[in-house]
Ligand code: LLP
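Just one chain is shown here, as structure tokens, and it is the form predicted alone.
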């Protein structure tokens, strides 16, 4: 039995499920994403224990990491899926998730996507506007198929998180104004081929102050309770995701406090609850291994140039995000302050700024922790860089889970025009 997560052996070298990270880089190269199914399973079971006493269903938020094998693994554990595009729908189908276990979220579902989802009997649409309802109604009427509709409520709550991942304020594009929800829910009952299934809320990601969850959930429940008192059925409440992850340590998410909040609010209710965790299930289970290319000094500034870049991990550039960074093989040495940067021709191409690190040399391996969510899924081929290799570790064995294009493969995707001058 292997310990879950990434741990150091007696020689201070990082391992996963009994395999040395250096052995994996010798085989697969760098940059290299490594995912540990042991930690994925542990986090899933902890979340399941958190919500099981309130009749909760888990729908993995595919946007966090849309690898087929990761979707499949959570599906095997019993999860459904929360999707935000028909591309994610197709990936989930390929990974073995039934459409009747999928929740289709997102503000910009186009008409073709709606039709495909309807024809495949998707579990529910979480809709974000009355305009979207009109589109779904028109398509459902034409197809003579029933659409299960959940209204996503915008409670105008601003959690203490990064502005770009806060979704519960009126100024954002997400959800229906809380003052319009009751009227719109009642309208659902007036439309043929529309089946009202409940209300939902998602106020953002990386939330550590759980009082914001408490307020949002209480607001949602109060609206639902009022609707039920007026004779309307509200069988489901979708509580979204957003539990904060500790990027600066290997401390697990605060499931205990979250469990208390949802239990206090919903334990005695008869609502079927849906939860859409993503980051909290997969973030810690992934690391990005990068190799030092060289050191550089510029007017007293120390740079460590590595072979991973913003095309592999854009979070530091996009969100000023912090990732813990450590040597794969620990060593004794002097700590200096460095910027850890990639090869891309942008000043914004950095992994960490002003970070203390033991002096490293060319070919040393660094581990970028907590890279399982919103890393590879946000990749690009900027500067004509190919993707990092991605592997999954399961039962002490390594599996390459994605075919990585070569530069020649990417060139062949383009069609040359015959210019005549």
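Bear in mind that the values here come from a model prediction, so they are computed numbers and not experimental data. Numbering follows the first chain given and starts at 1.
Another form exists, predicted together with the named molecule; not displayed. Remarks below refer to it.
*Asks:* Tell me whether 205, 315 and 378, taken together, all sit within 4.5 Å of the named molecule in the model of the complex, counting heavy atoms only.
*Replies:* The answer is yes: all three residues contact the partner (heavy atom, 4.5 Å cut-off).
*Asks:* Tell me the stretch among 25-33, 353-361, 55-63, 382-390 that has any heavy atom within 4.5 angstroms of the named molecule in the model of the complex.
*Replies:* Within 4.5 Å of the partner lies stretch 55-63.
*Asks:* Of these, 290, 154, 105, 311, which has a heavy atom no more than 4.5 Å from the named molecule in the model of the complex?
*Replies:* None of the other options qualify; the answer is 105.
*Asks:* Select from the listed residues 277, 286, 200, 342 the one whose heavy atoms reach within 4.5 Å of the named molecule in the model of the complex.
*Replies:* It is 277.
*Asks:* How about residue 44: is it within 4.5 Å of the named molecule in the model of the complex, going by heavy atoms?
*Replies:* Taking the distances in the model of the complex, the answer for residue 44 is no, it never comes within 4.5 Å of the named molecule.
*Asks:* Test of understanding: in the model of the complex, would residue 322 fall inside 4.5 Å of the named molecule by heavy atoms?
*Replies:* Heavy-atom contact with the named molecule at 4.5 Å: absent for residue 322.
*Asks:* With a cut-off of 4.5 Å between heavy atoms, is residue 175 one of the residues that contacts the named molecule in the model of the complex?
*Replies:* Residue 175: no contact with the named molecule in the model of the complex.
*Asks:* So which bits of 383-421 sit within 4.5 Å of the named molecule in the model of the complex, heavy atoms only?
*Replies:* Contacting residues: none.
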